[in-house]
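In structure tokens, the next block holds one chain alone, the form predicted alone.
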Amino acid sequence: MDVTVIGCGYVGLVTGTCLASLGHTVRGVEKDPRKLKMLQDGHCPVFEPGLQELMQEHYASGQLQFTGNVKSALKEAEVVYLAVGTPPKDDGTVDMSFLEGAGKEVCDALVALNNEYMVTIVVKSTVPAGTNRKLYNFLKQQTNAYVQVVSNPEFLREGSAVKDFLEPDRIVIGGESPEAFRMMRRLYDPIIKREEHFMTMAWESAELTKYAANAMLAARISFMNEMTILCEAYGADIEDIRKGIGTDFRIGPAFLRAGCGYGGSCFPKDVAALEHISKAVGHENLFVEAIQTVNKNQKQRFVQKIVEKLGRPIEGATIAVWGLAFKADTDDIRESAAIDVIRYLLEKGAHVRATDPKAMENMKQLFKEQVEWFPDPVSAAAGADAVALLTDWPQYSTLPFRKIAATMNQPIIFDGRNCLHRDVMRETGFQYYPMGRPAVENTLRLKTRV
């Protein structure tokens, strides 16, 4: 099939590349000149495991193309994805301006082209309930083109997005047109393993499914983060509790890992949006309010633990931050816990050193000279009073900890992701403070300051 994807950001690029790998002809439309040039030069503008190789393969074959011209990209299109950003405004509501602009541009192009066959508009962006219906009504008023609109929310996890797209646990399609449903069924046929995993429903149901899924997952994380408070108060271990409840088939093990708070492009934005969607119909959603409060408090509690356990005043202390991305295997820093933690540390007068395998350049744009940047965790920790580990990069668990301890002013690690081994910390002489787990409190070997 001939597919056009409007917006080559994270979701649009993964969607277009994976559809090309399924044999569809895909044209990606990108309006940012810098990003468009990168794409046309064969370079992937985001870090996502496996994406660049797949993109380059199908770009080289011509199966995947990139342009800045909407009209030319729509000339032969049977399916048009809208995958532009819907970022949060300052008050937490959804900024619809990019989607509205893309919808109008597609509408104008369809009017000019005047194609005789049906074009299915697929809203991939996360949008409030009612958006797809409004878009459909707008298109029907503005053009006589044969157009249908469906909602197709994405459920991609950064770090495994290519696999998630090509091996989905479900595909949700919202709309009212049986013909559009059949079109989407044909489009996704190569990756539908079981018929019941292809789900059709009303527009509003599909739109709310996306928000409900992310709010539920954020709630699981927040519940476990709240449990860390009780674990630390009573001497329990959150990892034992995670295993104890995760083996209950009614609960399952996913999204039960405690830490210093969730982040990313979806959970914070979608939970906040769900709160406002609820208020729009006169309902105060106490559940989603609590999720947001717990997440904010957890980041503050992590910094307060540093203040209390550091063994010296936080003002003037040097803290090495390991990990800036909101999770491993991505360079995405949107709503990363590291942002809030670094801000809190700077406000308290600490000197912050920071490192990350992939996300450092993105974080530099935010903090610039306020933070000292290091190429690796070993050099960042040298001469530091403590380490704050904020991203669960797997390479952090295999570092030369004995060597690192010898170079620090105080061998202390505050593990905001519970990804280090307590026995290793004990054997290498570290003071070790995870979240909701028993601490390792070796005798500090303070270096003599010169």
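Worth saying up front: this structure is predicted, and the values here are computed from it rather than measured. Throughout, we count residues from 1 along the sequence that is shown.
If you look for the form predicted together with a small molecule, you will not find it shown, but the lines that follow are about it.
Contact of F287 with the small molecule in the predicted bound form (heavy atom, 4.5 Å): Looking in the predicted bound form, residue contacts with the small molecule do not include F287, since no heavy atom lies within 4.5 Å.
4.5 Å heavy atom contact, E158 to the small molecule in the predicted bound form: Contact check for E158: yes, within 4.5 Å of the small molecule in the predicted bound form.
F255, heavy atom within 4.5 angstroms of the small molecule in the predicted bound form: Contact check for F255: yes, within 4.5 Å of the small molecule in the predicted bound form.
Contact of R133 with the small molecule in the predicted bound form (heavy atom, 4.5 Å): It does not: once the small molecule is placed as it appears in the predicted bound form, R133 has no heavy atom within 4.5 Å of it.
Non-hydrogen atom within 4.5 angstroms of the small molecule in the predicted bound form for each of F267, D270 and R417: Spot residues vs the small molecule: full contact, yes.
Per-stretch contact check against the small molecule in the predicted bound form, the hit in 319 to 327, 231 to 239, 105 to 113, 370 to 378 (non-hydrogen atom, 4.5 angstroms): Among the listed stretches, the partner-contacting one is 319 to 327.
Sole residue of L74, M363, L217, M184 within 4.5 Å of the small molecule in the predicted bound form, by heavy atom: Looking at L74, M363, L217, M184 one by one, just L217 meets the 4.5 Å heavy-atom criterion.
Position in contact with the small molecule when the complex is considered in the predicted bound form, options I277, A180, I221, A145, heavy atoms within 4.5 Å: Checked against the cut-off, the match is I221.
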